[in-house]
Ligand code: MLT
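The chain below stands alone, shown as structure tokens; this is the form predicted alone.
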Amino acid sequence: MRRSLPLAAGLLACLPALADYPDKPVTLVVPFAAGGPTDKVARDLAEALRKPLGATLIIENIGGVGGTLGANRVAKAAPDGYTLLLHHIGLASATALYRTLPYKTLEDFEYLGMVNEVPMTLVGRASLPANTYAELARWLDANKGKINLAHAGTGSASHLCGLLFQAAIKIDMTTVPYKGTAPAMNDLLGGQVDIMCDQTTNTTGQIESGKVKAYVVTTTKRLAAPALAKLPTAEEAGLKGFNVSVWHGLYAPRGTPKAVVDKINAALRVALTDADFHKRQEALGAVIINDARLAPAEHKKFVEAEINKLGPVIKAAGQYAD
């Protein structure tokens, strides 16, 4: 969606006059492996933020432990605005998945604003005999105890989606964790694992090329992206209540000066109007945030609500990371 130039110019004019920030590159930490869906969002966002923030953003991938290593890197960084975090729904789910965390999710970060929401897709290896979800459901039922479900590591979005899927169909699978989405997808493409539930930012290209089979999207409405438009929603396919999306947000260490927080937030609002950013994200099925969650306070309220929503689901599944 294209925003008007006067709007963007007006937002730029509101940026606080901070002569000393930023005067060097800003590190944007991605708590997952390079090449994964969150990495793709981060690289698109970094380019869109460069002009309104007035600094180059350098991506630093720190994968492992479901995103907690990268998140902890930012939580412990100097609160000067030069180390930021782009994280997703895993920031909220980690509070239930991990009995102990090296940081406090709601206390150790300054919340800078939401970025986007990304639907999930249920996909399978190209050699699976099932071509529709109805056929997949029958195949899953006939192969209980033999099914391998890949995910990008404990606490990742694909792990959470996999838990919810197993709960919805009441079939336990052998979950195969990887150190990031890219290696998980590589093994799905190679046929070493059977299925995966992952973000459209990572699956759209593979679906479009026919390298994986796609069964459903986890939204209440069908998606507009050309490669995904024909996919039924989970509810249409008979998976009632299996609706999940992956949101991304921007964070800084606790104690970052309010003037810096305000400048980053204002720059983020401008970046999210960037036509190229919209084009790239919408082609992957992502929806750019354009509501109250752009404000730091509302962003934090939303994450707290997600913690309260996801916690019982994860605990009921009985899968913990430690």
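The structure presented is a predicted model; accordingly, all values stated were derived computationally and were not measured. Sequential numbering from 1, following the sequence displayed.
Keep in mind the form predicted in complex with D-malate is missing from the figure; the text below concerns it.
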Residue within 4.5 Å of D-malate in the predicted complex by heavy atom, from Val118, Leu85, Ala152, Val115, is Ala152
Could you spot which one of Leu239, Ala182, Ala227, Ala96 gets a heavy atom to within 4.5 Å of D-malate in the predicted complex? Ala182
Even though D-malate is not shown here, does Ser158 get within 4.5 Å of it in the predicted complex, heavy atoms only? yes
Using the partner position in the predicted complex, report whether Gln199 sits within 4.5 Å of D-malate, counting heavy atoms only. yes
Answer range among 34-42, 284-292, 51-59, 252-260 for contact with D-malate, defined in the predicted complex as heavy atoms within 4.5 Å: 34-42
